[in-house]
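In structure tokens, the next block holds one chain alone, the form predicted on its own.
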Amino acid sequence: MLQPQKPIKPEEILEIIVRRRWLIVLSLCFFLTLGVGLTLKAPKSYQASTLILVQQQSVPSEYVRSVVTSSINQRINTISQQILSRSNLEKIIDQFGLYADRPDMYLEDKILEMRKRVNVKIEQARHGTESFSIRFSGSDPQRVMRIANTLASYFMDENLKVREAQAVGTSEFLDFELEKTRQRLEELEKKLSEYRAQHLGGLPDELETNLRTLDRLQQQMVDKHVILREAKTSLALVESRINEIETRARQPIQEGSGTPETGMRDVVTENQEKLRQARQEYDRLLTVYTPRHPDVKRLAKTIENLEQLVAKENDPDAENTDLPLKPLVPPPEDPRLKRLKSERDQLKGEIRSLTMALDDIEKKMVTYQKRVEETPRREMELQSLNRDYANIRDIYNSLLNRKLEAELSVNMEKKQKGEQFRILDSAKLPEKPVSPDVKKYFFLSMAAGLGLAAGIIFLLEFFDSSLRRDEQIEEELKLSILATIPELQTSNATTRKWVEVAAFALCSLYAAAFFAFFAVLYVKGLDRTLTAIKTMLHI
């Protein structure tokens, strides 16, 4: 049955360390020596850095709005891709003679290694500003510094080119869209104008006018009907008057005409003719004057006398029956009858005009009624056209405003008044190499030495079944200790002990020396330490 493991006490750990001290010291000596050797033999690499400030545009954004809206990260990534392009890196390699000592190296490998040596890092914003750094690493400090400054100038030039290209591209795009929208707007304007011309008079905004016109035509029709009815009544009266006058005009002839039974001839005497004329004149005067007018009274007296004379002439017993009869002559046309006929003709013409006017009004009413009935449909069609036209017009106005803003932005970018990159800290000559990393080598050496020693000690202790303490005997063997025998001291034991102490001290000093050397390398720097050593040794 396995017994549970007991926790190791600190004094037991200390006892193990003391007992296995050689493993620890030798392991540290080995790995510290290896670490120092690797640090000194590792190729040195220097790094130069240029800090570039992103300077905001000098013109306030309230007056000129920039069309370059990409973030600084996006723009730097875009510029980095352009700077790290194959053609640009080839130009840098040729300009600075990089990899001249490695003629067998392929160009693709050179490009790939160059890309790894260039590092662009966005710095934290300081007081609301943005900045980024360009770092380049290499074995030659002078060359590293010059390449870092060259890359910074490339970034600044490419930024101006990218911003100007974006502004010009935006302006050209807006030009194209503006022209296309303008053509579309003109088409809609023409279509809307043609629609208005085609349906002129029936448009929704003319509905009120059409309704008023329709009411006016209805009123005109009513008035015309009244006038027509009055004209027809007047015509009937005039025709009746004409018939009456013509009947009265034929009456004296009938009275003066003989009958076949009497054998008398149809003759008209002079008095009869005068009587007829007097009666006609009397009727005319009555249309102008009243019966009490003197002329009317005088003519009535004349008619009365003529009637007496005509009565005597028609009397068979009268002495003047043998008077010669005046032959019958057609009576002259009555002026009043002539005037009435003229009036009748005028009335007929007026009736015809009124009838034609009524027909015209009716046709107009049909037209306006149709316009009023079609107004809702015209309104829907016109609303659809106006809506499309308004949308395209708004888009056109918006594009026009953006186009003007884009032109201002282009001018601003050409005059370098927009956002710019400004070198805040140019690359300096690096004095301390960034590689090899002394600190990393030191900690790795210490960790490897202590770790290897700890691992070996653990394995040795794990497989070691020796009983080293009195309590182990009582606990594991279940026996009581009756007596203890001290370690037997030989004659060479003291000498061997001092030799061992001296050797351990030397090893410890060796490890401490390398530990201190690592510390000096880390604090003072690799180059300065080596230079100081060479100076001390006069090498």
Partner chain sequence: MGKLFDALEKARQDHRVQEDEVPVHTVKTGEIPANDRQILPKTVHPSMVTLLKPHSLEAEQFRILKNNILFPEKGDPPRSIMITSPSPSEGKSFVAANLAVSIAKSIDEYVLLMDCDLRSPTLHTLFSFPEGPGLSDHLARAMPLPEMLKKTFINKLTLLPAGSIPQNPSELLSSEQMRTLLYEVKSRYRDRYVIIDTPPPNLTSETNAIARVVDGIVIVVRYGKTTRKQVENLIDIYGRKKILGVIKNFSKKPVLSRYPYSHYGNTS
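No experiment lies behind these values; they were computed from the predicted model shown. Residue numbers count along the first chain shown, from 1.
Although not depicted, the form predicted together with the partner chain is the subject of the following passage.
Colleague: Please determine, with the chain shown alone, which of 464-472, 427-435, 176-184, 162-170 has non-hydrogen atoms within 4.5 Å of the partner chain in the model of the complex.
Modeller: Result for this chain: 464-472.
Colleague: Spell out, yes or no, whether the shortest heavy atom distance between L482 and the partner chain in the model of the complex is within 4.5 Å.
Modeller: Flag for L482 set to yes.
Colleague: Given that the partner is absent here, does K524 sit within 4.5 Å of the partner chain in the model of the complex, heavy atoms only?
Modeller: Looking in the model of the complex, residue contacts with the partner chain do not include K524, since no heavy atom lies within 4.5 Å.
Colleague: Is P43 near the partner chain? Define near as a heavy atom within 4.5 Å, in the model of the complex.
Modeller: No, P43 is distant from the partner.
Colleague: Is it the case that V18, even though its partner is missing from this view, gets within 4.5 Å of the partner chain in the model of the complex, heavy atoms only?
Modeller: V18 belongs to the contact set for the partner chain.
Colleague: Is every one of K478, P486 and Q489 in contact with the partner chain in the model of the complex, taking contact as a heavy atom within 4.5 Å?
Modeller: Judged in the model of the complex, K478, P486 and Q489 all sit within 4.5 Å of the partner chain.
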